[in-house]
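Starting off, we have a lone chain in the form predicted on its own, written out as structure tokens.
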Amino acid sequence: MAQYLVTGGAGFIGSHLTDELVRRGEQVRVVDNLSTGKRQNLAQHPNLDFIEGDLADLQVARRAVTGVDYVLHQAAIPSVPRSVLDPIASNRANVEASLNVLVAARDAGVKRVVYAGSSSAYGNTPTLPKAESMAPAPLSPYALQKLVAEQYCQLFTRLYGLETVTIRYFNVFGPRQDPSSPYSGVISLFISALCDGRAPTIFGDGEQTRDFTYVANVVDGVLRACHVKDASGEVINVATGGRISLKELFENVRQLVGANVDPLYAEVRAGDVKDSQADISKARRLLGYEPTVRFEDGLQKTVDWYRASQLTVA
């Protein structure tokens, strides 16, 4: 039985990773400052080893990694618009905290750090799908910060021998994604608005495309990356390999919800990319990864979860 640390483990993706590790019978510790995460996301694990603290404080990072075999570093402020409005705060969360985690992990003898990278690092490069060999071209402070942190990971592997793997996420969605913030993922915002009979906003013309990836696929990829020998030092896309436009997404959600509402349109947001689609051949080769949940099935699961959570609140 190994000891895992999930940073940001009270958040959307982190809590799903925690669920799966607990299901597998592993020992799990979570550290989260609860700035975006929620304790209720971990309510099903009342005896979980939980540290409330900010990883931008090196002492918190050192305490969190003590006795840990694997670090799944999910903690971040995962928002392009927020980084545009407040690059200093997002840099503290996305770069300074990540560096602290790496230093603490190196000093504690952690076996491997698996870092949550971002497809935003690719920017608006016109080639599709996006392959890991492509030159990065970040368009926002968030994208740059995620790129800097993954380069820190690779540096720590080369310089100090700390095994690291970066998994680049592509528009992850699923249950527990918080729709209460304007910075939330577009799928959670669409579902929340349409279930409430409100018109969601599409920024731009709606023709922009995304490789929307159900959270269970990401959990599978991340946990595979903990143990595959040849993955250390690598950056690996984990997604579905497909893409869908925001207009198509809206129509799919509207049909699932049964709403009769049209979207509102607004100006494109600064830092948003036009198209995103992952080349997942490297994940297949190195991790033995294959997406297990199709986009359509994941969307249905997410709508069902949102409706059930609304009934619970009511």
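Being a predicted model, the structure only gives us computed values, none of them experimental. Start at 1 with the first residue shown and count on from there.
Although it is not shown, the form predicted in complex with a small molecule is what the next lines describe.
- Among residues of the shown chain, Arg243 is not one whose heavy atoms approach the small molecule to within 4.5 Å in the predicted bound form.
- When the small molecule is considered in the predicted bound form, Phe203 lines it closely, a heavy atom lying within 4.5 Å.
- Although the partner is absent here, Ser118 lies within 4.5 Å of the small molecule in the predicted bound form, judged by heavy atoms.
- Shown alone here, Tyr214 lies farther than 4.5 Å from the small molecule in the predicted bound form, counting heavy atoms only.
- In summary, the region of this chain contacting the small molecule in the predicted bound form, judged by heavy atoms within 4.5 Å and restricted to 99-107, 204-212, 67-75, 149-157, corresponds to 204-212.
- Leu189 is the sole member of Ile167, Leu144, Ala231, Leu189 with a non-hydrogen atom lying within 4.5 angstroms of the small molecule in the predicted bound form.
- Scanning Ile236, Val80, Val218, Leu162 against the small molecule in the predicted bound form with a 4.5 Å heavy atom cut-off leaves one residue, Val80.
- The putative spot formed by Thr7, Ala10 and Thr36 is not touched by the small molecule in the predicted bound form; no residue has a non-hydrogen atom within 4.5 angstroms of it.
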